[in-house]
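Presented below, as structure tokens, is a lone chain in the form predicted alone.
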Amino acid sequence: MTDVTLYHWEPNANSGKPMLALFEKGVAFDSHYLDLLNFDQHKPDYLAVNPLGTIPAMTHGQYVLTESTAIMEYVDEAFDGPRLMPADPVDQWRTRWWMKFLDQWLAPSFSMIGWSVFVGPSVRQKDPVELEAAIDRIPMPERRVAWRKAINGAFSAEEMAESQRRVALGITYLEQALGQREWLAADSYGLADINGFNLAYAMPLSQPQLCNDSLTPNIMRWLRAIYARPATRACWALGRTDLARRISLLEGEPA
């Protein structure tokens, strides 16, 4: 047992960010897997930890920490190990710029597409009465709306088109930035790369017409370099669903 427990789903997106930060820092932690598709995050045991019912959450001694990017920064400051926030003030600014862009502008669009093509269809076959009861238990009203849209396939054509536009623009920004330096925000691997990888790892699969070795060689180099890190391999070994197996697309050399 350790004094750190991470409550998480698959090692991608929001759950993957603090998971990978902990592995990179070499911090031992207790892994508490929550099946998002079974609504574990809205059951009483977890709501006692995080009443908002969002994942991930991390406990460290007496502290309960939520919000994935903030948890990453806490992990970097609170524990020994390689620094993940660069020392240079300009690189720190660039790191925080990218994390804000990824979290607030790009991630919601990836999320809408993912919910439409994976999350919604994955839970749609459940008993309708049980499903509605599970949705009614979600503490945050906006999350109830999002779940119902995903399950019912109710994202509008306009919403999906805007999400696709943002994804395309985000891919352009990433490719340009990674053409200027090896890593996203600095000359060393850090928090911006962890954040970006957990959002972008599956782009060659989900957006093959926009992200591939021919069109985005810098993104592909970056994704493969992060996936090759021992911490990333250890992190993704904790995955349990087909989402975790999608990472295999980064195996091997460029096509």
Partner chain sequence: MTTILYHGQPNGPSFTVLAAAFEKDVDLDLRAIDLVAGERHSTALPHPLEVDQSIEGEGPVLVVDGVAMTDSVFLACYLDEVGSGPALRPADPYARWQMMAWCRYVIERVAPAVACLGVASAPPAAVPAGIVSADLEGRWRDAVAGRADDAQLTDSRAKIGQAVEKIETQLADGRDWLMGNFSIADLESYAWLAGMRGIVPSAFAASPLTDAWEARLRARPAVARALGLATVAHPEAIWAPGPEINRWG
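Numbering follows the first chain given and starts at 1. These numbers were taken from a predicted model, which means no experiment stands behind them.
Same protein, other form: the form predicted together with the partner chain, not shown, and the subject of what follows.
**Q** Which one of these stretches, 202-210, 221-229, 57-65, 24-32, sits within 4.5 Å of the partner chain in the model of the complex when only heavy atoms are counted?
**A** Correct option: 57-65.
**Q** Of the residues 138, 146, 84, 171, which one places a heavy atom within 4.5 Å of the partner chain in the model of the complex?
**A** Spelling it out, the residue with a heavy atom inside the cut-off is 146.
**Q** Given that the partner is absent here, does residue 128 sit within 4.5 Å of the partner chain in the model of the complex, heavy atoms only?
**A** Close contact is absent here: in the model of the complex, residue 128 is far from the partner chain, nothing within 4.5 Å, heavy atoms only.
**Q** If we define contact as a non-hydrogen atom of the residue within 4.5 angstroms of the partner, is residue 37 a contact of the partner chain in the model of the complex?
**A** Heavy-atom contact with the partner chain at 4.5 Å: absent for residue 37.
**Q** Taking heavy atoms only, is residue 118 within 4.5 angstroms of the partner chain in the model of the complex?
**A** Answer no; every heavy atom of residue 118 is more than 4.5 Å from the partner chain in the model of the complex.
**Q** Is residue 111 part of the interface with the partner chain in the model of the complex - any heavy atom within 4.5 Å?
**A** Residue 111 belongs to the contact set for the partner chain.
**Q** Since the partner is left out here, which residues of 88-123 would have a heavy atom within 4.5 Å of the partner chain in the model of the complex?
**A** The stretch touches the partner through 89, 90, 92, 93, 94, 96, 97, 98, 100, 101, 103, 104, 105, 108, 109, 111, 112, 115.
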